[in-house]
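Below you'll find only one chain, the form predicted alone, shown as structure tokens.
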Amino acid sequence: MSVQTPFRALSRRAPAVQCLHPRSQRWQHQRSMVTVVPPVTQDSTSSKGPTAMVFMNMGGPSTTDEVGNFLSRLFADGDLIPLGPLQSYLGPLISRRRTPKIIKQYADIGGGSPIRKWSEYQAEEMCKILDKTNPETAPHKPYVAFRYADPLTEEMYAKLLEDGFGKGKGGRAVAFTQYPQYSCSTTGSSLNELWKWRQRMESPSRNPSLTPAEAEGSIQWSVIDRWPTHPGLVNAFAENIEAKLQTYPEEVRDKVVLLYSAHSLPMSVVNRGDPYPAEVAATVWAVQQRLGFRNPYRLCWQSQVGPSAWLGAQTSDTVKNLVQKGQKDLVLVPIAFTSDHIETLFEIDQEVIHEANELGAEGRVRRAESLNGSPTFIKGLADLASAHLKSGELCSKQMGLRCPACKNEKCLQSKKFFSGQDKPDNEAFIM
């Protein structure tokens, strides 16, 4: 099946055999005997609803008590922090050593990360808009799936089943990445995790307790896997930058340097062909274009961990070097984050800006607000989701293309599933 095959082709109710995606020979033999239960419907005005809108993100500990588990999961993920064959040994060791320091950092920003609060708010507000703009797929039900913190992917999936999706009832779910720029370390890792739990909970080859009807009436997934230059995202960033520039005297306003800061990647990930650096740069260019290129700018990278080579220049070094050269008017823009979390509230606000002031910046190094509850941003999310729901597409065309040097079998299988390419005769698309 082509990646452009409309989603509606996957969810027709008749004839029943057109809905089938058997994963084993046993189910191919049985499928003619299976009666597919119609998709869950909770609104008589909705012909295709309800629709689960699942926001995927890294997440963060909501309290300091959750920091240890958060770090354990984070350093265990070779997609995000590749530590080689010693991952199972080095990951727990690094996480234990870093836990006391990170607990203090979360305490300094109020006792926990606000990312869950903002993610749930954004998802709920977006769904309210979608219920009005896309009544045919209503009601739109918001869910959050974090990679390293509660609610974890498996918790979200269990909630979907509990709410009436899957288990023979069908239904549609959209995995909506909240990393606007795609990386195998972020969106890729989250989709790998989602695929893993989908297999465990809804695949007959992994879950033999499923009845034939439950296996055939599984959740139908599609993916919004990247959106680096979407107008809603670009306009929301531009509005926050313009608001911060207004805090500078008019005579220096156009001379303020904009420093776009994104989470860095290990060079080992970059060199295998990860698209993230190019997509972050695309976002920066689009925002600068929206601003009319009135200010000089640079793209820099933050949050390097460990001694290995990471993508640079580092944000902290860039600010330090500019201030020491006399360029004190700087606005930091968290260009790869859709809400506040420790990288903005602690790393930028309490480390980078504090160090700049110690070097004599005199309070002239500032940060643009994060997107958080921006109405422009939330409307942009709704516009993007609305277009996706109406398009019938499973994912972007880029989704099926692996990194040129990728050797991750889990990534291969995940891409096959979400791009609809998990039939033997379609394997050639996954490069």
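Everything numeric here is computed off the predicted structure, so don't read it as measured data. Just count from 1 along the sequence shown to find any residue number.
There is also a form predicted in complex with a small molecule; it is not shown, and the following applies to it.
Segments offered: 158-166, 221-229, 282-290, 342-350. Contacting the small molecule in the predicted bound form at heavy atom distances within 4.5 Å is 342-350. When you look in the predicted bound form, the only residue of Leu152, Cys300, Val257, Leu265 with a non-hydrogen atom within 4.5 Å of the small molecule is Leu265. Residue Ile81 is the only one of Leu245, Ala123, Met201, Ile81 with a heavy atom lying within 4.5 Å of the small molecule in the predicted bound form. The closest non-hydrogen atom of Met56 lies beyond 4.5 Å of the small molecule in the predicted bound form. Although the partner is absent here, Arg98 sits close enough that one of its heavy atoms falls within 4.5 Å of the small molecule in the predicted bound form. A residue is said to contact a partner when one of its heavy atoms sits within 4.5 Å of a partner heavy atom; Ser185 meets this definition for the small molecule in the predicted bound form.
Within 4.5 Å of any heavy atom of the small molecule in the predicted bound form lies no heavy atom of Leu93.
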